[in-house]
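First, one chain by itself in structure tokens, the form predicted on its own.
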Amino acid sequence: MADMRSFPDGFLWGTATAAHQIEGGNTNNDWWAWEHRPDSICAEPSGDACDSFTRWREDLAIVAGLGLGAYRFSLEWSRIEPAQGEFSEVALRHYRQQLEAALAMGIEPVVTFHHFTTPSWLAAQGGFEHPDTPARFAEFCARATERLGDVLSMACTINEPNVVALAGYRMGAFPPGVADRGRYEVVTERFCEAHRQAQSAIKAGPGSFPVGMTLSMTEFVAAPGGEERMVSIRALHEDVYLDATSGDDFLGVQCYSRELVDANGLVKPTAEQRTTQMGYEFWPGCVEHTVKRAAAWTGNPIYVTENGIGTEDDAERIEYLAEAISGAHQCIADGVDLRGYFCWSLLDNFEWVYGYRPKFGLVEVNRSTFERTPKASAQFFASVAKANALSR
């Protein structure tokens, strides 16, 4: 008989998406402009994405059919506040319908207030470099919570602010395409302040639900001579944000792989190492490592709010998820307060500069008809969620 690794009662199983990656037609934010620049480094524009702005009911029905208890998605700030101080009743009603429908279907809606995209009007003012941006973001959060707070189950302030800062201001891969350490450090401070102000603004509104940040974390490994460099990289990319979550209701850990660091910095995987479509090392063990590190550093309850793999091989996805979930179970066995696991992603979607090539979804999406087809990995994940246990 298979060994069953059971999870605690109430453990939250879910899947996740982001507005710009699935809704389509988000023309009023910095990413749409970035995709459409003549010199864009993006593989392709987002276009209609998965047409989820109109097909969100289909998406919720899939989540319900898989027996998942939660669905994490984001509010598109540029739809809700298309111009500074101008709030769209239509957009707010749209998201409220989505939240109410999720609850009616027995799905806990977990909402992210900022998932990589910034309204064009704010980007034109300097985005998160501008000293007033934390307050502007907090005002958006307050207005959205005023209208939606009574139907929220969990709130994530900012999705992976460390990735937005690093990719946008140090690597030049995200908008605004800057490679400047000084500006990167400024934006890092702004994001930490924006999180703190947003957390307070959301908590002050209607409803009673946990609020936290989601952070991209990596299992960093030091090569001989790379210890000091690894600590330095990790301090600015992770530790400063972990410090900013003090007193939060939870921390969302988002992890995909590990990174080797030598005295010169990050070391790319070798040709002999197994890698994913994103070029990451195949390393589901990152879940156990990062969850334990986050819990020990912050003392906060932890959710894995994103974990998954970009691959065309769905059997490989099942293999990855099984090992990752096993690591999550080990965290709990070792006394970590881990309360949920969200698979990234529900749908094959727009993967930022990589376009639609990487396949992270539990569900295939036809690029012409938008027809959704659950994969075998969706059934595997559903079986784990329904049993609240992993068999091996």
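Because the structure is predicted, anything quoted here is derived from the model rather than measured. In case it trips you up, residue 1 is the first one in the sequence shown, and so on.
If you look for the form predicted in complex with a small molecule, you will not find it shown, but the lines that follow are about it.
- Checking 286-294, 219-227, 251-259, 129-137 against the small molecule in the predicted bound form, the stretch whose residues place heavy atoms within 4.5 Å of it is 251-259.
- In the predicted bound form, every residue of the candidate spot (21, 116 and 159) has a heavy atom lying within 4.5 Å of the small molecule.
- Using a 4.5 angstroms limit between non-hydrogen atoms, residue 32 is distant from the small molecule in the predicted bound form.
- Although the partner is absent here, residue 53 lies well away from the small molecule in the predicted bound form, with no heavy atom inside 4.5 Å.
- Interface residue remark: residue 306 is counted as part of the site for the small molecule in the predicted bound form, having a heavy atom within 4.5 Å.
- In the predicted bound form, the small molecule sits within 4.5 Å of a heavy atom belonging to residue 351.
- Among 83, 124, 171, 278, the residue placing a heavy atom within 4.5 Å of the small molecule in the predicted bound form is 278.
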